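As a starting point, one isolated chain is supplied in structure tokens, in the form predicted alone.
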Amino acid sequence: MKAVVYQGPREVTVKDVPDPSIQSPNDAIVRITTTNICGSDLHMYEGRTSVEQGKILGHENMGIVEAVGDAVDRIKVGDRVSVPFNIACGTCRNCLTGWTSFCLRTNPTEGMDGAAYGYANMGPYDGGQAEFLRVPYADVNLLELPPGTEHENDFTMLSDIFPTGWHGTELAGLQPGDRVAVFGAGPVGLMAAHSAMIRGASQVFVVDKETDRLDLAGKIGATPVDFSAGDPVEQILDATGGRGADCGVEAVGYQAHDPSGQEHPELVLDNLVKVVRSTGGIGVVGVYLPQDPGAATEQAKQGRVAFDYGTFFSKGQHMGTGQCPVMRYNRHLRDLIIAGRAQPSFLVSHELPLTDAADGYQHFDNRDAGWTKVLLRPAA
């Protein structure tokens, strides 16, 4: 089959690789119909992780079940499915309590709980930017979708970014009527804003500097805040009569940078501590790493981010962090899409054949105007 393979910093190629096969009785093989380039993939693409050369990338996947192992009895050949990026066993302590993103059995990497497809330090699993994907524990992990092709561009967001955006608002403790500040208008930040609107936020501020992303935020009813035009905290305080936000979502991560492009990994955390009211919540779904050799400071290279913890403490704020347990949300979000209450496909900008993946990565990584979300179609 053809697959997108990591070759080194800013170099991916589409190569012929062996087809996946059933390795365990609880496996399934999924023929990929849509797979997405995620903002998290760019950390690997830019050489800012320990991902190994030759890794098949891709953790945002959906498709049709082509084969199942003898122990699979819920999922059937021909089912249309969404594949959560988490690979969960379904029976360990964390999975049983709903934290499938921290499965204790599926990742043999020392010190890491939780596994994923095609990602650094998340286990030996191939990704789904390919024609086919092996899914372990298929009965546990696969989400059934209505047959056909309706809502394809919406359903493809169920594997990661829509649940992750929703998770950000959940970690922040969002309540109906809250004012919400979302930092980062990439795909996850826009999904957090979309989620906040669905959940009844009275106002959602979205902070970024890219015009095309801020325009999308405005189109879904959020208030765009351009941090290149002035301090985003002051802009939000001015817009709220000094009250600030009730809660906030960090959707940027460890490569946060100022308008000049200089990295400050603590920048967004500091801004959220300033702009969220006392006793308010902050949900961190932007990626942070235990080690970042490419960081700007020695502390940051060791994964130590010196944000304004003193103010955070004195304001009595609370913070939730970590990768999204997709299965906690994906069924509800699927049904919101079917009911017409959620349309996460609004951020899709490009639909490319798999063979054009390298161009898609380059444009998305460059933040080229209009490249807000790239979908890859192996059958195209």
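No experiment lies behind these values; they were computed from the predicted model shown. For every residue, the number given is its place in the sequence shown, counted from 1.
Just so it is clear, the following notes concern the form predicted in complex with a further copy of the same chain, a form of the same protein that is not shown.
>> At 4.5 Å between heavy atoms, only one of the stretches 183-191, 206-214, 152-160, 262-270 reaches a further copy of the same chain in the model of the complex; which one is it?
In response: Result of the contact check: 262-270.
>> in the model of the complex, does residue 229 come within 4.5 Å of a further copy of the same chain, counting heavy atoms only?
In response: So residue 229 does not count as contacting a further copy of the same chain.
>> Is residue 177 near a further copy of the same chain? Define near as a heavy atom within 4.5 Å, in the model of the complex.
In response: So residue 177 counts as contacting a further copy of the same chain.
> Is there a heavy atom of residue 315 lying 4.5 Å or less from a heavy atom of a further copy of the same chain in the model of the complex?
Replying inline: Output for residue 315 is yes: heavy atoms within 4.5 Å of a further copy of the same chain.
> Is there a non-hydrogen atom of residue 47 within 4.5 angstroms of a non-hydrogen atom of a further copy of the same chain in the model of the complex?
Replying inline: Flag for residue 47 set to no.
> Does every residue of 33, 78 and 127 put a non-hydrogen atom within 4.5 angstroms of a further copy of the same chain in the model of the complex?
Replying inline: Checking in the model of the complex: none of 33, 78 and 127 is within 4.5 Å of a further copy of the same chain.
>> Considering non-hydrogen atoms and a 4.5 Å limit, which listed residue (354, 62, 327, 65) is close to a further copy of the same chain in the model of the complex?
In response: Result of the distance check: 327.
> Of the residues 200, 218, 293, 146, which one places a heavy atom within 4.5 Å of a further copy of the same chain in the model of the complex?
Replying inline: It is 200 that has a heavy atom within 4.5 Å of the partner.
>> Where, within 270-304, is there a heavy atom within 4.5 Å of a further copy of the same chain in the model of the complex? Residue list please.
In response: If the 4.5 Å heavy-atom criterion is applied to a further copy of the same chain in the model of the complex, 270-304 yields 270, 277, 278, 279, 284, 285, 286, 287, 288, 289, 290, 299, 302, 303, 304.
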